[in-house]
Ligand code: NVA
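This document opens with one chain alone, in structure tokens, the form predicted on its own.
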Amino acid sequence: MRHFLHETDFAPKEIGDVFALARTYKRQRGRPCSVLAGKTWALIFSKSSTRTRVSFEVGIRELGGNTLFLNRNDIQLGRGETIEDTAKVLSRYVHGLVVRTYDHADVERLAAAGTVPVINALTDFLHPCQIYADAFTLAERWAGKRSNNLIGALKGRKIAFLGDTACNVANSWVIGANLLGMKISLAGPKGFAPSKTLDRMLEVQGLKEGYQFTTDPYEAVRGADVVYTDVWVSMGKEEETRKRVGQLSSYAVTAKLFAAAKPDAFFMHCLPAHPGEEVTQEVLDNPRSIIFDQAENRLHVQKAIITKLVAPKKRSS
């Protein structure tokens, strides 16, 4: 049984297949599809969401399947029942699981104990669906409409990630950049450097390019093709709001900082954004801000990921 828990669960060539299929789904949206005909996928969300929930629900239905949404109060996951027992029971009812939760170990335990595909829709450690959609968004822009070499369009490009550089999106972008032949520079306070867990994962996966970490945001964005940021206070860390805002205020993406990147650089944010904190409204509204393209492409890329898991031989047209 194959799962999608980490960016590395697909080899670079397979990521190219996912991107090509996502582009086909995007171009042919509205055409009948039977990849998941007669199948039901459960969405287990311990964390609330807009883009993740809607894109997966719509995507599964567009693939011909049904969805069952389960929040943390609907099931006994990790409370009155073990994660392993939950996985075994749900595997007898549904044909796949999409899980958005806190502890990354929980999705790994669900995948290990169950007998259906599991997709990591976000944990506190990684957000692989977001990074695939982000990379696809950039590949579309750089490769052009006619090129089939979407992955090739990413090679050698530089992304600068600013602010909370130890968050799940930053972790996933470090892994994704290494897989896709990109360079990544992180800028944040000293205490926000990537974790040793991420460093070990890079080492185990043989991703030797790694990343650059600096406390100087202008050094990070110099020569960058993409400037990326995320909220400073993730769900579950609200009590740290005042402290984090004080620590990270020097890393807000302002028009001046954005202008220090390449003249044609794109601005990206996984949303929701907090204008006036991690980014200014001026940057969000910039013509080179592609935040809503990112959001849309979650739908198409996730459909392609699901298809790759359940029908691996299906190719783009």
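Since we're looking at a predicted model, the values are computed, not measured. For every residue, the number given is its place in the sequence shown, counted from 1.
We do not show the form predicted together with the named molecule, though everything after this point is about it.
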The named molecule isn't shown here, but in the predicted complex, which of 215 to 223, 81 to 89, 168 to 176, 192 to 200 has heavy atoms within 4.5 Å of it? 168 to 176
Interface check vs the named molecule in the predicted complex: of 37, 271, 68, 58, the one with a heavy atom inside 4.5 Å is 271
In the predicted complex, the residue from 245, 112, 105, 235 that sits within 4.5 Å of the named molecule by heavy atoms: 235
Hey, in the predicted complex, does residue 122 get a heavy atom within 4.5 angstroms of the named molecule? yes
Any of the heavy atoms of residue 182 lying within 4.5 Å of the named molecule in the predicted complex? no
Given that the partner is absent here, does residue 153 sit within 4.5 Å of the named molecule in the predicted complex, heavy atoms only? no
Residue-level contact is defined here as any heavy atom of the residue lying within 4.5 Å of the named molecule in the predicted complex; does residue 231 satisfy this criterion? yes
